[in-house]
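Next comes just one chain, in structure tokens: the form predicted alone.
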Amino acid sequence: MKITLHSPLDMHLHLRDGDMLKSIARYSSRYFAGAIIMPNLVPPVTTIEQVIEYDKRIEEAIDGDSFERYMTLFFKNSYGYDFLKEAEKYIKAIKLYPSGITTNSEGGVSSFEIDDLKETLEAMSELGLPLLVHGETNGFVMDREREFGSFYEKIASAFPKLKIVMEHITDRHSIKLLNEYENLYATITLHHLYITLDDVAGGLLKPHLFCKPIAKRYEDREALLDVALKAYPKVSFGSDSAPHPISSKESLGCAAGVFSSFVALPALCELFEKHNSLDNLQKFISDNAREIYDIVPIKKEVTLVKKEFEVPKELNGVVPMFYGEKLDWSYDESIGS
């Protein structure tokens, strides 16, 4: 049994920088036609020059793979229309982080008053630049995404022409918002379709499954599965693959992030087949994103086969999701050769 995916896209990807970028970039570029690249480097990507230079470093790291980089800027509330008019030649979206809420998000937004964000959001709305949001408050960790919902409601109402993507949603309340506001969209990760908080901390702690937003309850996972498996048009796949060195994961102060890019497509095949929804995988992994972002990705076919695939315990010093486990699907042997 085989399935061929046409131009699979990852609409939320961390490629990091430096040695880590060089080590892990091809685990995305070999199997995806393109990805939205996150800007939370140190320092964050806030200028056109930084976008261009980061894109060049990614191009070098992927070593000739056919892979489109949809670059982003780290949100600042002082981006004016003229700056963004020039920047839109090089970026696909702007990513908003609440300050200090996740990896390398210091310098993010600390005030969520509309007047404080108005200059940038008005310019984005005029130019048609999507706003990508890491939607969490600083409240109790299990309630952070739900609490952030009021901000989504506020900006969706204040800027009805602004396309807002709720990134890596984990909570069933976020899905409710999708149905209530025409300009709200969402990405869903692989790991949040598979795990709950029990898988992370219900027995021995599993640091390589620790992420932000943290995995939630069973009913939240079921709500995510429902819209993903049906390929609901307002959701698309975004891995939020976020590699960290083993020393940063297996330590006090464990870093948040799941490295999933390498196993994403085989694991999604297994999940969608299990739920008799393989016919919807193409929409979830590519077609919906094309519509949401108004993009035409490069042509790239990735074939997977129903064949046992043992996931390596580490890849260049990074531990992938499902490490040491066996998946039912694997990449066609010719892929990446």
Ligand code: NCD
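Everything numeric here is computed off the predicted structure, so don't read it as measured data. All residue numbers are counted from 1 along the displayed sequence.
Omitted here: the form predicted in complex with the ligand. The next part is about that form.
- Between 75 to 83, 96 to 104, 228 to 236, 145 to 153, the stretch whose residues reach within 4.5 angstroms of the ligand in the predicted complex through a non-hydrogen atom is 96 to 104.
- Put simply, Lys212 is close to the ligand in the predicted complex: some heavy atom of it is within 4.5 Å.
- Contact check for Gly257: a heavy atom falls within 4.5 Å of the ligand in the predicted complex.
- Taking the partner from the other structure, the ligand in the predicted complex has no heavy atom within 4.5 Å of any heavy atom of Asp220.
- Within this chain, Ser29 is remote from the site of the ligand in the predicted complex, having no heavy atom within 4.5 Å.
- Using a 4.5 Å cut-off on any heavy atom, the residues of 236 to 268 that reach the ligand in the predicted complex are, in sequence order, Asp240, Ala242, His244, Ala256, Gly257.
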